[in-house]
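Read the single chain below, which is given as structure tokens and is the form predicted on its own.
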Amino acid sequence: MEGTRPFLRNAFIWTAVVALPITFLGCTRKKTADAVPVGVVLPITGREAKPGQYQREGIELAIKQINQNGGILVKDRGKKLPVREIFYDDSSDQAKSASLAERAMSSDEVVAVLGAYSTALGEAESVMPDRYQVPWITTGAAATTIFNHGYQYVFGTLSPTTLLGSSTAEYLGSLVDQGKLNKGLKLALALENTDHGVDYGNGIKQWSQQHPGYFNIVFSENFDLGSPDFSGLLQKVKSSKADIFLADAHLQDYITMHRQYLQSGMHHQMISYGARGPESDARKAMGDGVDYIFAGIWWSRNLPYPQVKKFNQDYKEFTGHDPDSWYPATAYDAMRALQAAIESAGSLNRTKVRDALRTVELKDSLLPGQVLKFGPNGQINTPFVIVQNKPGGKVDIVYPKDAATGESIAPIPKK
């Protein structure tokens, strides 16, 4: 299977030990009353394959640890039951993602479905949970459009993208307050043509309106996902004579756009690609060209929590590599939140599990603030951390100050 790492062979082994196989076809048709069936729908092929694979690794690590501890205690069964993962690769395709989520909910008798990396895939899947009354936790979609329909079975382990935008502006404002940047700098925004992009831009604009005099937005334009050529957009950014360039982009678009940015010879005092920046694939593609890019992310492996340090170690032992950006942590905690909800409900009844998810509170969460709980609309609201790439492949948390592992370098030095 494309995108499958060698560690997954071990996943098949430990799953087989409890007689709950995962197949290369994407799922197993075996059903048993002696397991907790959980659907997982993620892209491990297509344009979102890398983040999807990392999220799958986070979920499978959580499942492995749960099963090694005997499984999930289901009180009305009077015993612990192992988790049985029913996995589907949606190939980064919206229609396929919705269809597979529907299949897991309607045909596979799952207790819940996890997954949906990206806003586009999340929006496609989000119409299914209430239809089939199956709890759904998106591990990688944060657009407010997913959570503002009044759905009753929809949950998410990513804070809103509007908060990402406002946190980005707040961080830049803190650099102004420190005297590292001047007041009144001009911003250029390049936003992906999705609800994610809309939310990100709105967050920046709202903060700027609430803090007049800090920044002036002189350019804002949308771009389509998966474009091979951003030269026209970048030329407009250059013509705007902005001081700071803020783009909202998925991983592959970030790599493509920034490579063309470097080729253009442009320079800004600060540059960000939203929640993308520290990924190893970007460093491999552009080397020191990604130095000094900052990103607002839902999680960092450098957070100074003991549970994060343990997760980093366990994850590397499980996969053979370090966590890459925030992707696996939000998925790992989603599975743990589901476990807590099932144990609180004392049942595999989907509505009871849904009700329990509404009151779940993980007090040893990996995420910033260390507490995960779902808001009234099903979405969490944990703070973001701002990280900045440094020379030599280093990545520091630079904001907020109480979590910082290094100082912000601002403005970006000219080469």
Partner chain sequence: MTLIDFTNLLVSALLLAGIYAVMSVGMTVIYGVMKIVNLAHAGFMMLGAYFALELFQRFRIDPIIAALLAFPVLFFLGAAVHWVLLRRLPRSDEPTLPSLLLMFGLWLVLQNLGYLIWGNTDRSIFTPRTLSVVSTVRLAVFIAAVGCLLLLEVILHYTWFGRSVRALIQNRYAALLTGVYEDRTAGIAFGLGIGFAGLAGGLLGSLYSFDPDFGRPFLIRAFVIIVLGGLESISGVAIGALVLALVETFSILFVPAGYQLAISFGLLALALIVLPGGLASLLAKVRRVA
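In this text, all values refer to a predicted model and were calculated from it rather than measured experimentally. Numbering follows the first chain given and starts at 1.
What comes next is about the form predicted in complex with the partner chain, which is not displayed.
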**Message:** Is it the case in the model of the complex that Phe223, Arg259 and Ala285 each bring at least one heavy atom within 4.5 Å of the partner chain?
**Reply:** yes
**Prompt:** Just one stretch in 333-341, 153-161, 234-242, 201-209 has heavy atoms within 4.5 Å of the partner chain in the model of the complex, so which one is it?
**Reply:** 234-242
**Contact residue in the model of the complex, from Gln313, Ser227, Asn182, Asn216 (heavy atom within 4.5 Å of the partner chain)** = Ser227
**Message:** Can you pick out, from Arg350, Lys50, Lys64, Lys390, the residue that has a heavy atom within 4.5 Å of the partner chain in the model of the complex?
**Reply:** Lys50
**Request:** Give a yes/no on whether Gly265 approaches the partner chain to within 4.5 Å in the model of the complex, heavy atoms considered.
**Result:** yes
**Request:** Considering only heavy atoms, tell me if Glu123 and the partner chain come within 4.5 Å of each other in the model of the complex.
**Result:** no
**Message:** Using a 4.5 angstroms cut-off on non-hydrogen atoms, would Asp281 count as touching the partner chain in the model of the complex?
**Reply:** yes
**Request:** May I ask you to check whether Pro37 falls inside a 4.5 Å heavy atom distance of the partner chain in the model of the complex?
**Result:** no
**Request:** For the heavy atom contacts within 4.5 Å of the partner chain in the model of the complex, list the residues of 242-258 involved, in sequence order.
**Result:** Leu251, Gln252, Ile255, Thr256
